[in-house]
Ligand SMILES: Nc1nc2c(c(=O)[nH]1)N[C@H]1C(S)=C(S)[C@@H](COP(=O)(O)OP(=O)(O)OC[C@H]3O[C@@H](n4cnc5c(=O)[nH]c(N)nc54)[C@H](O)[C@@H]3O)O[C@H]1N2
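In structure tokens, the next block holds one chain alone, the form predicted alone.
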């Protein structure tokens, strides 16, 4: 049996270093690589089964062309050369008639390898097509808010929790989305460090913590500002740190914090006044408090304000300046590679943008020219995008030439004209840098690609050659592309010899010292002049959102979506064991809400609002509060009673970053009727 050092390419902050055990050309077992101190020798429950994903009987073996109506999934196999020739012929015809803006390429998060993800985008950048403003379905709100507050730089090192004296998981279910950090947190708990979870749901992480704070959805900014109010009142601020490392705190203290006394915060958040006071006391007494920020709390109308308010808390107590203290959102910004060599080899600096979360609107309504050609690599927007019904109507356009490159016949792929079989990460060579820890690593190919499947990189290079692109990157080997990534690399990766990376295993790239700030002022910004120039509130605040208030008057329940523990998204749908462990796609209601509707556990129910109706199985549990319906995981239609939950979520924007507002969705639940 052969053991090969690989890296998990799923969209997850941990970026696990792993060992693939291969026998007879098949991956027979996956385990965590003990050489990575964060991975620490174990893989999560999902990735433990990735050998079943690679060798699934549902894998696509050949290119397919559509022979039935879009959406029905009727295809027939044909050859790669014919498929590529047809794609290029259609693209050239579209460009000849409407110009390159009539094409749109889409490669986002399903393969986290810098080469396989980046080169597809590089292809469309070089062609001068319309460009996807990627990530608005996920992280642009929180990243933009972080950048306004801390700057485009990574946050606290997750391994530093070994030095923390208080750990707060704020809006993050670590056991579902960051399990290796949770292992470090549990080690700290054994030494007596208290762990607090702020989450509307009593998640598995919340159950295991020392204290769960069940905040009302969308009120995180109010709670954070309330804590600051008490810290000021009780003299628990680090005046020296504030004076030397921050800007605008005095304005916040004078103009905002007086409105967030404990009684008002309790009314807004649904918490007891005593709990607000207790939380502030614990946080103020800690010297090296660590906050893990979850992205989910920013996927609503006031998400940017929420992130800014919570991210500023360590500046009030000076925790940003101490080992084990601070806040962690993402780490990738501190890994300063030459990304443009892959992502932007040539092409215009600026062109027409298509917001990721409004892809459906763009495909239906964009003119001069309309989008006539769409290429999607290893993503499933017909399930993951908000207002998924609108997107599916757009994908059903007969005049939209759609190509999908995916290992499986996803819901999105069923709308394609041509489907190309994609290699998985265990069948590709690539370079990885984590976005939730400070490691980088080369990931080797464990096995040959299944049947006729090809990597994103190979497909991008083949299409580039047929389209006549001459950029050297489209003819380079992965090893040569890796060298390009490190040309003029700066920050913690400066001076790295790329030729040593292939056999080096995981390499730690954590910055030294306390939190660095890269705002315009070079300091932590309680008051942001950059936001003021854009007409945005320069200081964090909380106000009820008028649209949410109007929706709440019409619909009695608010949606909370969260990753499933075994089916976080459709990338794992092909693994029968994981689907069985997760159970049927479900919604979760508090017993009071179920009783009021005459609903029982295990019953089929419909979730509905003005955008549509979705059918799921009901679970009755007090893990959520009354007034909330929880839907864990993103599941494909065929597993549910009907549809998928994002059909009920609008494509409205967040307050900053033009992000998605899944948690600003209001609806009702009733018994299912066919």
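What you see is a predicted model, and the numbers here were worked out from it, not measured in a lab. Positions refer to the first chain, counted from 1.
This next part talks about the form predicted together with the named molecule, which is not shown.
Trainee: Using heavy atoms and a 4.5 Å cut-off, decide whether 288, 322 and 519 all contact the named molecule in the predicted complex.
Mentor: Not a single residue of the candidate spot has a heavy atom within 4.5 Å of the named molecule in the predicted complex.
Trainee: Heavy atom within 4.5 Å of the named molecule in the predicted complex: which of 492, 461, 121, 568?
Mentor: Selected residue: 568.
Trainee: Tell me, which of 129, 453, 380, 528 has a heavy atom within 4.5 angstroms of the named molecule in the predicted complex?
Mentor: That would be 380.
Trainee: Pick from 96-104, 341-349, 172-180, 153-161: which stretch has non-hydrogen atoms within 4.5 Å of the named molecule in the predicted complex?
Mentor: Residues of 172-180 come within 4.5 Å of the partner.
Trainee: Is residue 657 one of the residues lying within 4.5 Å of the named molecule in the predicted complex, judged by heavy atom distances?
Mentor: Contact with the named molecule, no.
Trainee: Give a yes or no for residue 653: in the predicted complex, does one of its heavy atoms lie within 4.5 Å of a heavy atom belonging to the named molecule?
Mentor: Judged by the heavy-atom cut-off of 4.5 Å, residue 653 is well away from the named molecule in the predicted complex.
Trainee: Might residue 563 be said to contact the named molecule in the predicted complex, defining contact as any heavy atom within 4.5 Å?
Mentor: Because a heavy atom of residue 563 falls inside 4.5 Å of the named molecule in the predicted complex, the answer is yes.
Trainee: Just checking whether residue 275 would be counted as a contact of the named molecule in the predicted complex - the rule being heavy atoms within 4.5 angstroms.
Mentor: It does not: once the named molecule is placed as it appears in the predicted complex, residue 275 has no heavy atom within 4.5 Å of it.
Trainee: Who in 275-306 is close to the named molecule in the predicted complex, meaning a heavy atom within 4.5 Å?
Mentor: Residues within 4.5 Å: 292, 294, 295, 296, 297, 299, 300.
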